[in-house]
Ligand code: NAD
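We begin with a single chain expressed as structure tokens, specifically the form predicted alone.
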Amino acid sequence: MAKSSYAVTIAGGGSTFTPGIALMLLKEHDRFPVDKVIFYDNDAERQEIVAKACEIYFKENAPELDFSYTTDPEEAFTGIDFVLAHIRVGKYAMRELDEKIPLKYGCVGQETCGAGGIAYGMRSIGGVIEILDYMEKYSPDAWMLNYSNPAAIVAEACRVLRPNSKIINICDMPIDLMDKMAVMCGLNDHRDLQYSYYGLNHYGWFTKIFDKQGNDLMPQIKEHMAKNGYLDGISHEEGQEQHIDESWVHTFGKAKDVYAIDPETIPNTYLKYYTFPDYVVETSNPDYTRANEVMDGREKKVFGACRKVIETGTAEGAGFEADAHATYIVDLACALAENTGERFLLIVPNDGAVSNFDETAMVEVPCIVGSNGYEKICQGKVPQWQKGMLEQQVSVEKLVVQAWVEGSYQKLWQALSLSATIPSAKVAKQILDDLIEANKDYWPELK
């Protein structure tokens, strides 16, 4: 697939992350030459604010770039090489309900975990499949790089509904955690590390961390984790606002307690929602959740900056910056296009990668990526503690997808009842009935 230049569609053109990703594509032009960028969204009004501002930026900084934006699928997906997908069906208004409805019943209210993640998953499946179908219809040789949440449920839905499609599901959280581990060890970032990892998305463990010379960094990292969780890995020069809001500081610190459960491995931060749900609920404000934090923070900031660019007619001084954190997307696209054979953590069918776990599970494991796709690196057997947790969580995710496909109230009730974040089937049913009412415009009808 190696070409002199590439055409890219960003699905979710109205996202607050879109300007940073578009600017990052420009910044990485030398190693991943993109000559055509299309924004696609089904919300024309929201996308127009972001797209018009980016259009002004591109005219000033990259006039040679062929840029357009559209709500028409044929325009958006014809003649492209990659789709970068970060969609949020229902936007932040629905995220707020995902978080607040479970909290009303004393349960974890979180974007991708527990009842909130299940609700979000039920909205996301149709949207991701729709974009994948558009891509395959209009550009059958293209790759879709999907980092839309909740990635675990979306990936399982793709396995069931589109098993042969050219889609790769990837998440930035392990990359962010590896960046923090690199800082702990005096290194630059995740590219300086070699690693072993297994789990589901937002539900996994690092088992080995080496530097490029093969030195074992686990003892050093464990020392930091036992004292302060991931807090020692926060660089003071870091500008990743989505990961240093107050709620994230709590999460990085709480990893110390999650680590203590199994000090042989380094946990993903999201495991706190399943291992300490009581703590999470106690420290949550049911009237002001993470969704409110984002709407009052990043969303206002990004859309304010975009409106200012449009009003003044220039992007100078607007504070537009490339999202350095998103360079992993270009790394992955380069690996596919240029056959680099680089290692990535991807969400892929297990098929023996974790040998004592469900073969059909969509596991998050290291893979070698080249122009023909990926090859998994086997992680062997997982210990009993992790196996028990994984069996429970993968069953939740599979039941959610089955509920969506079959329109089954029963299976969605089972999924919620099985979640480690919900104490009983009674509470699960109460939450489910509220979520059905809230999501009547987005979920399939359940019977």
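Residues carry their position along the shown sequence, with the first being 1. All of these numbers come straight from a predicted model, not from anything done at the bench.
One more form of this protein, predicted together with nicotinamide-adenine-dinucleotide (NAD), exists but is not displayed; see below.
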>> Contact with nicotinamide-adenine-dinucleotide (NAD) in the model of the complex for Y120, defined as at least one heavy atom pair within 4.5 Å: yes or no?
In response: yes
> How about D179: is it within 4.5 Å of nicotinamide-adenine-dinucleotide (NAD) in the model of the complex, going by heavy atoms?
Replying inline: no
> Would R46 count as a contact of nicotinamide-adenine-dinucleotide (NAD) in the model of the complex, using a 4.5 angstroms cut-off between non-hydrogen atoms?
Replying inline: yes
> Would Y57 count as a contact of nicotinamide-adenine-dinucleotide (NAD) in the model of the complex, using a 4.5 angstroms cut-off between non-hydrogen atoms?
Replying inline: no
> Which of 355 to 363, 252 to 260, 168 to 176, 205 to 213 has heavy atoms within 4.5 Å of nicotinamide-adenine-dinucleotide (NAD) in the model of the complex?
Replying inline: 168 to 176
> Can you pick the one in R343, R159, R298, K222 that has a heavy atom within 4.5 Å of nicotinamide-adenine-dinucleotide (NAD) in the model of the complex?
Replying inline: R298
>> Just to confirm, with a 4.5 Å cut-off on non-hydrogen atoms, which of F320, Y274, Y92, Y374 contacts nicotinamide-adenine-dinucleotide (NAD) in the model of the complex?
In response: Y92
> What residues of 4 to 19, in sequence order, lie within 4.5 Å of nicotinamide-adenine-dinucleotide (NAD) in the model of the complex by heavy atom?
Replying inline: G12, G14, S15, T16, F17
